[in-house]
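Starting off, we have a lone chain in the form predicted on its own, written out as structure tokens.
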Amino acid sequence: MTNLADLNIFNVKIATPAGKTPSRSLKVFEGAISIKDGKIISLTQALPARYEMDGKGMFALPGFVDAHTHIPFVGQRSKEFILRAEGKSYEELLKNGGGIYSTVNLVRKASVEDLVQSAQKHARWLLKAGVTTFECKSGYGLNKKDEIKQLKAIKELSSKIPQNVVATFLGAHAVPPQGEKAYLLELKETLKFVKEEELAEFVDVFCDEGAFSIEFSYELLRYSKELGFKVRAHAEELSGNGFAAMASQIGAVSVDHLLKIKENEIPVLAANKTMAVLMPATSFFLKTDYAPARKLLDNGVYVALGSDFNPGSNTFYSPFFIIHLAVNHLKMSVEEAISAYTLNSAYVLGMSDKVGSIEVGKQADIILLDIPSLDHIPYLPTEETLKIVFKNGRKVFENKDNISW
């Protein structure tokens, strides 16, 4: 009996990227997924198992991986959204109590427990959308005490939900009143504590117009790497300041947003194998330009997709909608977009040896979709097609249609 698989899912069409490095293509084949101890042990035949499930010809995809969120936060900024929709400028939003500092004020008043409770709610939303691994960032504290509070909330969150969570320190999210020079000294001390307490694996910085300067951002990432952190950067979302190439040369795992990236920077990213993490839902939400995904891909840069889910500049979190935007506005193929939201995002987060594809030896993070073809993911971007989510081989969500007429 001990040789039995825990679960067999038979009669499924498997669509997955392959390997541990970024991909632009999918393998699509009919098979059966055998799972034992939370991992995939066979895809070629249905092994004897304690439990069996008929996949009913549905598509099995890897659980989605969201490489860029701003969870945890508390509160909302709906008034700000309406003002922006009416055409108000960011300066006017600030005068009306909006902007990032409104969220900072709320997070500073919140307890760790408040942040965890809010993050659990958002994690449930992500799970019901098929996201089985996601990144969380600090960045709404802007001082040592409250940045650490966010990181402690992320650590506690990871013990309370089924998903994998990867923590990023984004203390350099917005310039606080004391200015860059004084804040850099504070951040360096905070980073030492974060490293000692193992509260984050990555350090991120927002280098752009109205945010941090190139000089500040370069020094922060350099120092973070010296401490042993992996580094990432919010780059060239608002202006083409050239920091994407600089971050790539430092050894950044990814540069994110890239709406304004200059053409001469693209070969630098390709040569250094720096991932581009694109968030088209933010462009949609803010009614701005989209990142040049096609140009990046055609010039050798691998692309990952993320939601950028946050209370101010994007409240969309569904991979289905974001894949629709990637295909319809970023001009990515369906296979490129699915790979970008699974294996490529897992690679950015340092998780591609465990998640991001349906392969023997990897975690059994699997979603079942009731669709006739993969084209239906961007064509009909609704979570209603998502029927079951497995995390480590355990069913953690089932979309049951209990409506009666």
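Numbers for residues come from their place in the sequence shown, where the first is 1. Since we're looking at a predicted model, the values are computed, not measured.
Although not depicted, the form predicted in complex with a small molecule is the subject of the following passage.
- Using a 4.5 angstroms threshold between heavy atoms, Tyr90 counts as touching the small molecule in the predicted complex.
- Within 4.5 Å of any heavy atom of the small molecule in the predicted complex lies no heavy atom of Thr274.
- Among residues of the shown chain, Gly312 is one whose heavy atoms approach the small molecule to within 4.5 Å in the predicted complex.
- The closest heavy atom approach of Glu135 to the small molecule in the predicted complex falls outside 4.5 Å.
- The stretch from 335-343, 364-372, 62-70, 25-33 that comes within 4.5 Å of the small molecule in the predicted complex, counting heavy atoms only, is 62-70.
- With the partner omitted from this view, the residue of Phe206, Phe216, Phe284, Tyr317 that lies near the small molecule in the predicted complex is Phe206 [heavy atom within 4.5 Å].
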